[in-house]
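The chain below stands alone and is given in structure tokens; this is the form predicted alone.
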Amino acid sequence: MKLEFDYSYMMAESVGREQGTSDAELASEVTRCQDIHARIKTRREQGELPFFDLPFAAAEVDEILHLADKVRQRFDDVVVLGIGGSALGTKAVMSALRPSWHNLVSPGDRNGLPRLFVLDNVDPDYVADHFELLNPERTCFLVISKSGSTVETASQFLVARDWLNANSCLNYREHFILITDPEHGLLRELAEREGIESCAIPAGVGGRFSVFTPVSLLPLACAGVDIVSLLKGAAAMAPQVCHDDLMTNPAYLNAVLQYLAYQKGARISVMMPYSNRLFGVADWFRQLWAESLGKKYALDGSVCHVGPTPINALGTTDQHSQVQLYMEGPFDKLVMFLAVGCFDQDFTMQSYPDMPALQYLEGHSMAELINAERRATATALARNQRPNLTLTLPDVSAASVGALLYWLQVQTLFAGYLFDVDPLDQPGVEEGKTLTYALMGREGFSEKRDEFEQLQAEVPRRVLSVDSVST
């Protein structure tokens, strides 16, 4: 299994000096990269970066597989209650490795595997629509929050508990598995007090780096994803991205190229898979890149306000919506294509013999077409001095996806140190959380509520009310 990293169109020789990177600029980063690598290595040895070692935890995988087997034997539906890093990794891998029809067919057509739903919002219509699909007697909820206090997950848990309790024959505790901190937090307290089954998220692993923990591995295993191969792929990638030679380490090299492009004005990072199955990976990466790198403060405490803005696009769909902007708009974007070497299925086209305009498609395949469109788009971007690069997976298999996710996690951590920020925290999210707690009346946040009301009073209100059309 080989993943290919083509950065030809990132270089000045292809897209020009103003937007592209020169060999001299890459060479100038070698010593700095070695220093960052040494720093990462020291932190790993001190146990501060445990996500690096997750693909090698065989004993934990056996426990997850055993629990998943119990879930499959009893339940028809598994529902993840979580948000952000507690949901996106599961959605990404599920969409990549299970057929898009998984939740649409009968149990017999999916080999008896349960359906998997990920409720990653508190939109009441969205939640209610899903409950209408479920039989409470045959539904298992996986409640995922490291802290246990995530307001969205807490509210989902309460609603799901009430929904189960509406059926007086059920013991709701038997329909929950709590995935949380091994020692602390509300969910850990609930698990111990009420005897609810639980799994531990390894200490020191944050949500957006948790795809190789029970956070994602348990729901994925329940739905039939080969999590052993997923982890083997990640483990096989580890030595390729955990050494200090910049020019042969694809994670470090990609991070440096993105960092140098950012310095030249490419402040927007587009991930554009030419595979519907990989679109969820782009969604997962969007959180990973944004929350890790978008920071107000540098490591020394000075104000920096840095961070590339990630966008996800889908080839070929977004050739007809976004590429016009990428091609001719501001020089502020870098496009990272995800390509697939071999699709699982393909179609060969046969044209109408009396329609000359379709003759050129005769004998060509759909896989050939999607890859031709990707290559054409990459080349056209380069001709217009727009930097882009391509990561090609040999296939969309568990091993390939595991390798890709591990690569991108290491790349993101390394990029954090290039930008001189802490890639593991997210202080910018906390203010919104505390104000939400205040508005919902959580104990201990009354001062925050007063602060919110004062802020509201100080803002001149400019609200336009428009009459709606009733039917």
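Note that the structure is predicted; figures quoted are calculated from it, not measured. All residue numbers refer to positions in the sequence shown, first residue = 1.
Heads up, the form predicted in complex with ligand PA5 isn't pictured, but that's what we're talking about next.
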Ok, Lys295, His175, Arg208, Arg374: which has a heavy atom sitting within 4.5 Å of ligand PA5 in the predicted complex?
Arg208
Taking 4.5 Å between heavy atoms as the contact cutoff, choose which of Thr316, Gln287, Ser95, Thr309 touches ligand PA5 in the predicted complex.
Gln287
Report whether the minimum heavy atom distance between Thr213 and ligand PA5 in the predicted complex is within 4.5 Å.
no
Given that the partner is absent here, does Gln426 sit within 4.5 Å of ligand PA5 in the predicted complex, heavy atoms only?
yes
Glu291: touches ligand PA5 in the predicted complex, heavy atom cutoff 4.5 angstroms:
yes
Can any non-hydrogen atom of Ser229 be found within 4.5 angstroms of ligand PA5 in the predicted complex?
no
Note: ligand PA5 not shown here; in the predicted complex, the stretch from 51-59, 441-449, 406-414, 426-434 having heavy atoms within 4.5 Å of it is 426-434
Determine the residues of 72-90 with a heavy atom within 4.5 Å of ligand PA5 in the predicted complex and present them in sequence order; the list may be empty.
Ile83, Gly84, Gly85, Ser86
